[in-house]
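Have a look below at one chain only, the form predicted alone, in structure tokens format.
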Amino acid sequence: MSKFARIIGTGSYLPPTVVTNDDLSKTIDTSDEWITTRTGIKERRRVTDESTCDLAEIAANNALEMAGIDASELDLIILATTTPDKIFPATATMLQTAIGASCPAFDLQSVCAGFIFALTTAEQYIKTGAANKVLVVGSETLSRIVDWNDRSTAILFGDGAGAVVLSGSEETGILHSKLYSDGKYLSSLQVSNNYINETGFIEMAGNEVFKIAVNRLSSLAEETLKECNMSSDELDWMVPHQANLRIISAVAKRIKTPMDKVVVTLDKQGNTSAASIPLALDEAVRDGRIQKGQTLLFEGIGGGFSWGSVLVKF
């Protein structure tokens, strides 16, 4: 059994269609200034004819290429998504076929915390010896469940996919993870389904979600550092779920981490749910900000609510 699960490759993909704040202002009562001030978002990506699996496939292949391994070497695929291509089978099995893997594959649904939950699950497989090479992907086509006439949600969400390859290693990798869920808040952020071939749109109580997110993520970050006997000064980068710049800034301030040590991508991508953390990670790895040996804190919160953190030596 390996002592650690280490990230050996990252990948991402954004669909080419860009929807700017000005584009949205032509169809709903909003403006670039209004959106930017409240969220920090300037634009987001939107699929045209691409599926959740299509986005995941490109992100996964990019991560496999960086890792220097073939899909045939994978022992497990976990796909975190809120927007599967079918009710069943799992989109992960479609991805398995698309990339040429032959390992077990399953979906995991924990909304915007999905990547954190999937990464933690993958680590357990590696640490118990049940797997050695695991592909973890977050892929979303949220534009399909957004009511584009609803100003409160249409401005927030985007499509995209991010992926990591984990490998069992004696070299330090994932150091700590922590997961929470509290179902009594489910009506604050949800998509209903009446089971008559009709899926609803994202419904969100924005102010309540904001307050809960800041409180839970701030406390979580403090707990994580305390349990690892670390100070925020020892963090090289915080790579948070990209939901709202005010949430990200509030959490960074609470743990005394300057914003120049926080990876922020939501200005160009919006909230991509389970894809947001691996998208941000891949961007910062590929542009050289994140270097091998650095300590990273991932954290995210999603509908339910479910929230969690992962501390990583990259």
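Here the structure is a predicted model, which means the values were calculated and not measured. One rule holds for the numbers: they count along the sequence shown, beginning at 1.
From this point on, the text means the form predicted in complex with a small molecule, which you will not see here.
When the small molecule is considered in the predicted bound form, only one residue from 179, 103, 145, 209 comes within 4.5 Å through any heavy atom, namely 209. Screening 167, 244, 224, 82 for any heavy atom within 4.5 Å of the small molecule in the predicted bound form leaves a single hit, 244. Of the heavy atoms in residue 51, none are within 4.5 Å of the small molecule in the predicted bound form. Interface membership of residue 112, defined by any non-hydrogen atom within 4.5 Å of the small molecule in the predicted bound form, is confirmed. Interface membership of residue 152, defined by any non-hydrogen atom within 4.5 Å of the small molecule in the predicted bound form, is confirmed. Looking at residue 38, you'd find a heavy atom of it within 4.5 angstroms of the small molecule in the predicted bound form.
The stretch among 58 to 66, 26 to 34, 279 to 287, 256 to 264 whose residues place heavy atoms within 4.5 Å of the small molecule in the predicted bound form is 26 to 34.
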